[in-house]
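Presented as structure tokens, the chain that follows is alone, the form predicted alone.
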Amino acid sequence: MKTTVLIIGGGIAGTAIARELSKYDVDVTLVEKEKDIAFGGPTKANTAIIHAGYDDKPGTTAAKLCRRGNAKWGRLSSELSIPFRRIGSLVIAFNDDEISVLYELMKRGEANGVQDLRIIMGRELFEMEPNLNRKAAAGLYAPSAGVTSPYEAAIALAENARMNGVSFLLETEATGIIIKNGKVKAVQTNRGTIHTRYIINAAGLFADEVSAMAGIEEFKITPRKGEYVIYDKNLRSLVNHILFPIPSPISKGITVTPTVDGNLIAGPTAHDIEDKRDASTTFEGIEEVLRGACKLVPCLSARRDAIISSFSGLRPQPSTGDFIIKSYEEPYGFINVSGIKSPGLTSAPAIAEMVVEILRAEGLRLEMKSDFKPYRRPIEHPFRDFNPAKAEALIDQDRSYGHVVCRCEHVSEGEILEAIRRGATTLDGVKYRTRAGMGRCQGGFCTPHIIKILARELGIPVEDVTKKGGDSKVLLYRAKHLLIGDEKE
């Protein structure tokens, strides 16, 4: 196989770059080792915050791209039908020392070009957040901060990129890079060799390993684990803005955040680990999250019954402390897009534009397409959006929209079928596109039905349906095999 630009990694950075390059008349291919887009740890498991840009040190690449990226999310979400809301954020201080940190953050934000930052105290603070801890003394308000759905964003970017000619190869892992005479020539994968002129390394947690394949070992990625809890939607009204504590040297702290879907999410912790695949949760980690959440919103201490799920995500912490977005004289044609930690989600649209300019500087001819399609049609969610007229019209066209499969999130069979048509082949693939299984019962009722639909539509036995590809089978064998003593391994 041949391509001009090969992107390694199907997370938010890789898909944003793919979509940006799809605007130009150039052959682009993206490879992702997982079963689906956004299945890697950093993109699917984070706080989903679009940051304002006051936290990063002025002059860093992260600081520059965070502000630029934040400004692009309104248009991007509109074009691609990505859920996004600018709800604003508050960093909460509890004493004079912490108030001085707020002023430092505001000064830093202003240096980064963030507008409309202000310190709020007294009555106004509690009018904005009635359930905030009454010991809170002040808050740094950033109205440009927002929330989105990171995995839906990556999927939307990938769908639009595909519409505009980008090729996607899933379950395709880069295993080596071929370099001749100081230039990139090809990438070896588990499915064969792909010849290319340019390689963009957006491999997330494994970006240092891919970089080493090209002979570049100037940084190391350390996985930083963050654990979270998700609260039921009946607590959504408790919090109006993204609530941060005073940041620590290694983390923005444990937040309490309204999601675009109506839940509250609390977290993350921040602990460096060694295993890049360790997404386990721990009793100690969850307790740390709950302590941090209750410090900001004390009434949450009495609402453990409203916790519907917990999970952990791994952030790619680079040894440089900053995003690594650069090309190299040797090997020519290799571009690192590595160490994309927070605010990576916010920065993704700006990262993509920066990569395009690097490619242009490296000699790639980029001419805009006259037929670029900027818009992506979302999956219709008539019951979730509570639109009776839309639901009735869809049911008239297709009776499957009248069969509600996920009662918690009001997801119909029609939506699940549409998700499969768009590329979902696993339970998580359906979940990330429709939210089926993300409600209070966490798939307790709908999972068997979704398994049957996947098996039927994919033409495979129910035992071969997986949660996320690979060896994540949900059903190991049929009950009758137990009865006749013929269990499958």
Partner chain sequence: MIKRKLDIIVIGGGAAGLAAAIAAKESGVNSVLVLERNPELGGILPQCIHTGFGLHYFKENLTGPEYISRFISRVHDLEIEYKVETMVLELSPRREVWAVNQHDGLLNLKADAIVLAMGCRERSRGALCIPGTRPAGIFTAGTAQRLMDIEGFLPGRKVLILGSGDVGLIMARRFAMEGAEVMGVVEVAPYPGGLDRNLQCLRDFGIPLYLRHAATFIHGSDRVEAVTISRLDESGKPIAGEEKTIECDTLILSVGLIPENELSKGAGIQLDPNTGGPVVDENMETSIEGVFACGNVVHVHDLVDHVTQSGEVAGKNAAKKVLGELPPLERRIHLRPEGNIRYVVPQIISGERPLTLFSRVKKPASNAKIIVGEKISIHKRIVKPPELVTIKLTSELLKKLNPEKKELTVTMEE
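None of the values given here were measured: they were computed from a predicted structure. Numbering follows the first chain given and starts at 1.
Although it is not shown, the form predicted together with the partner chain is what the next lines describe.
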With the partner removed from view, which of 448-456, 418-426, 22-30, 55-63 is the stretch that lies within 4.5 Å of the partner chain in the predicted complex, judged by heavy atom distances?
448-456
Is it true that F283, C441 and E463, all three, sit within 4.5 Å of the partner chain in the predicted complex, judged by heavy atoms?
yes
The one residue among M128, I395, I250, I273 placing a heavy atom within 4.5 Å of the partner chain in the predicted complex is I395
A186, M106, I120, I307: which sits within 4.5 Å of the partner chain in the predicted complex by any heavy atom?
I307
Taking 4.5 angstroms as the cut-off for heavy atoms, does G262 touch the partner chain in the predicted complex?
no
Please check if F383 has a heavy atom lying within 4.5 Å of any heavy atom of the partner chain in the predicted complex.
yes
Hey, in the predicted complex, does G363 get a heavy atom within 4.5 angstroms of the partner chain?
no
Quick one: does K373 come within 4.5 Å of the partner chain in the predicted complex, counting heavy atoms only?
no
